[in-house]
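First comes one chain, alone, set out as structure tokens in the form predicted on its own.
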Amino acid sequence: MLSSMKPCVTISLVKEAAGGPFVYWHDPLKNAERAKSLGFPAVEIFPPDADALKLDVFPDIPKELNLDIAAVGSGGGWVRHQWHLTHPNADIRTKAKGFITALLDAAARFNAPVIIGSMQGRHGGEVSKDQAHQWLAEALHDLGNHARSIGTNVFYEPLNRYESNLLNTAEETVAFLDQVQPVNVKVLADLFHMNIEEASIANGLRTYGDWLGHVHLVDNHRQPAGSGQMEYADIAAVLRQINYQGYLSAEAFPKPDSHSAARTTMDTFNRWFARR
């Protein structure tokens, strides 16, 4: 069965995240126009908070440019406030959940899912692994139910061991989600994190199967796909086998510059992932 995968590119609006792995920075309308000029049908937005997506602040990119908002990142809550869902302080956990809930409400006008990556947190110290997993399960249940009520989804992103120790591999993530069964929650598979944690990225994607909702397309050194050593043939083959219909979004360092990074990503997408 042929799948219809779609390319996407990230735009960060968070000044505190300067130097991070996002292709375009600031000025969402201008950068969305630049992305469109390269053939991208969608952008992924990394806002500082929900207020940055308000009608009087954030441009209506779908209406003005006929581009989709593929997803909205929630990492601003971690970068700016150090809030996360498995923090030992209950008040901070509540703030983290509220931050993501507000983003879901703001993103819903674009029918855009919200990503939970860095805001998942970690276990350690006074927080056991079992306790952290329980808090994560509760948060995914609550946020998934809210997403369902407003017609969108949550994308949960397993991270590498250096950024989180909650769920790192496809096997343990799927086992967790199969047990918890949160509604309107899908997995975001980031190829950079998978390159660290998986014996085979292709097999990891196969393990995700129906849980897979979004992919971060990047190379082994977290630079644009096609600029490093990652092999994409098997990755593309597995995504077609599981009939993946979602976006492959460039979350990568803007090397050598933003527009060149976006162009390299598009070339790689067209070579390996475009419909044949």
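Note that residue numbering begins at 1 and tracks the sequence as displayed. Note that the structure is predicted; figures quoted are calculated from it, not measured.
This next part talks about the form predicted in complex with a small molecule, which is not shown.
The three residues H84, R122 and Q134 each lack any heavy atom within 4.5 Å of the small molecule in the model of the complex. Looking at 174-182, 114-122, 85-93, 138-146, the stretch with residues near the small molecule in the model of the complex, meaning non-hydrogen atoms within 4.5 angstroms, turns out to be 114-122. Looking at E163, you'd find a heavy atom of it within 4.5 angstroms of the small molecule in the model of the complex. In the model of the complex, no heavy atom of A202 sits within 4.5 Å of the small molecule. When contacts are judged by a 4.5 Å heavy atom cut-off, L167 does not count as touching the small molecule in the model of the complex. In the model of the complex, at least one heavy atom of R222 sits within 4.5 Å of the small molecule.
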